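Before any questions on how it binds or moves, here is one chain, the form predicted on its own, in structure tokens.
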Amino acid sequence: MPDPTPPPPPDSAPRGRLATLPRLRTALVGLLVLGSAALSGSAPADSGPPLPGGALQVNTTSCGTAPAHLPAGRVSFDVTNGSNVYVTVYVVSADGTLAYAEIPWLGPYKTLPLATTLTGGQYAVRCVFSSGPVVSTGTVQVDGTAAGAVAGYLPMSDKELTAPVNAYRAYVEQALPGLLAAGRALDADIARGDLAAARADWLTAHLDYERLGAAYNSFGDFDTALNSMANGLPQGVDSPDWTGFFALEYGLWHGRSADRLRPLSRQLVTDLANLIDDFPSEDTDPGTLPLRAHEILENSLQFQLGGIADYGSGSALATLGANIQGTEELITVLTPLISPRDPALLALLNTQLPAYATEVASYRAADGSWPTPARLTTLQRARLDGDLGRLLEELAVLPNLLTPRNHA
């Protein structure tokens, strides 16, 4: 579970606008990329006439003057931030219950388009400044009807993530004792020199850890001790400080003796026990849960199906199955937030995740062994990659869909 690239801080370059929430689809499988023409902070090339909407000059006391009437269809406001702080700008329903487009971060003295497609009704533009002020335009009456109008999405307070975070932490706390027990079984195997049993129990313990894929940011330094790979270490797989599951995997499948492996298994048990003691004091950033729902399987695509995280066990598909289970748990705790905002997406995920789990499990042999991805046929591998790619496109919606929008 390698660390993801952190999101840009509020004082970074603006990330652009989201014109078609909530069903944003990323064009690059495995990455939540805010970099297309519509999302980059630069206006898309358009050789046609200007869209209705006009310019909005905003500051901490005004969200500008919007037209009182607009025709239904595509509209675009060129928003200029005249203040020295960041501002988030929304198109909202007149009563503020729904949002239709946004500029997540508009920097001081910068201009970005705020575009969407609206059908008949009453709307407004709302400006939320990083220094605190929240101001809106007057009501904009949109007349007529428009095909392809953006469905309004339900804004979310950051407090709404509290219950899912608590539910997920409870899931992790309930799972940790079983993980420790699996680690102790592995250590006992190595202590008595039964390396065949150790290889079986290593997989059990490792899969237990992989099912907790959304928690690693709350594990502090323990994740490094328990689950780091040898990449970048001074001596690679021979680095004396390399510990954890992958170090044990390498040793168990590369002929290292029980005497040489025992310090690693003892350390694993110590680290797991200390993790259990430490976890209640660690914080879980609420904003990471929707992000992890995408990242767990994104990492699987790269590290498991890509073969990077295989140190000899050939258990990539087993690990992928555990990662699917970890993702399903996240969708379960996030369901109360997803359901009112994109019920179609939730239904799709609740169908696609079990279907993909069944597909992965179908490659397991009758004796319980797993083939490596390299041993699959070209058709099997293409199907496995393609189905995961489509699933990642759906999961990539969640970080944006469940971004807190306290004043939208």
Partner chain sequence: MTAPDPAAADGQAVPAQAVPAQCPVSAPALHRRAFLRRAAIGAGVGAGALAGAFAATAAADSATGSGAGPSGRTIPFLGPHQAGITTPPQAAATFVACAVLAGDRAALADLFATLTERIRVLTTGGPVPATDLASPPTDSSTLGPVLPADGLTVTVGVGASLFDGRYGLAARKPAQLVTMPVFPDDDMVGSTELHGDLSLQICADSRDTVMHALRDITKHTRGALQPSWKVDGFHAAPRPTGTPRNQLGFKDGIANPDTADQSVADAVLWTHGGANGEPAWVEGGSYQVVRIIRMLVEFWDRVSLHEQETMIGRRRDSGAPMDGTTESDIPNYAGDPQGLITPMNAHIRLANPRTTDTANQQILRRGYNYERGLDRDGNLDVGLLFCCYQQDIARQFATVQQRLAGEPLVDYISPTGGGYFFVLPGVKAPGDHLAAALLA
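What you are looking at is a predicted structure, and each value in this text was computed from that prediction instead of being measured. Residue numbers count along the first chain shown, from 1. In this text, the rigid core denotes the largest set of C-alpha atoms whose superposition between the two forms falls within 1.5 Å.
The form predicted together with its partner chain exists for this protein as well; it is not shown, and the discussion that follows is about that form.
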property: Contact label in the predicted complex: residue 147 to its partner chain, heavy atom within 4.5 Å; result: yes
property: In the predicted complex, residue 99 touching its partner chain (heavy atom, 4.5 Å); result: yes
property: Residue 69: touches its partner chain in the predicted complex, heavy atom cutoff 4.5 angstroms; result: no
property: In the predicted complex, residue 382 touching its partner chain (heavy atom, 4.5 Å); result: yes
property: Stretch from 116-124, 220-228, 236-244, 252-260 whose residues place a heavy atom within 4.5 Å of its partner chain in the predicted complex; result: 116-124
property: Heavy atom within 4.5 Å of its partner chain in the predicted complex - residue from 138, 178, 232, 307; result: 138
property: Its partner chain: the contacting residue among 321, 164, 213, 152 in the predicted complex [heavy atom, 4.5 Å]; result: 152
property: Residues within stretch 369-401 having a non-hydrogen atom within 4.5 Å of its partner chain in the predicted complex; result: 379, 382, 383, 385, 386, 387, 389, 390, 393, 394, 396, 397, 400, 401
property: Flag for residue 116, CA shift 2 Å or larger between the shown form and the other one after aligning core; result: yes
property: C-alpha of residue 55 moved at least 2 Å between the shown form and the other one on rigid core; result: yes
property: Core superposition between the shown form and the other one, C-alpha change of residue 64 at least 2 Å; result: yes
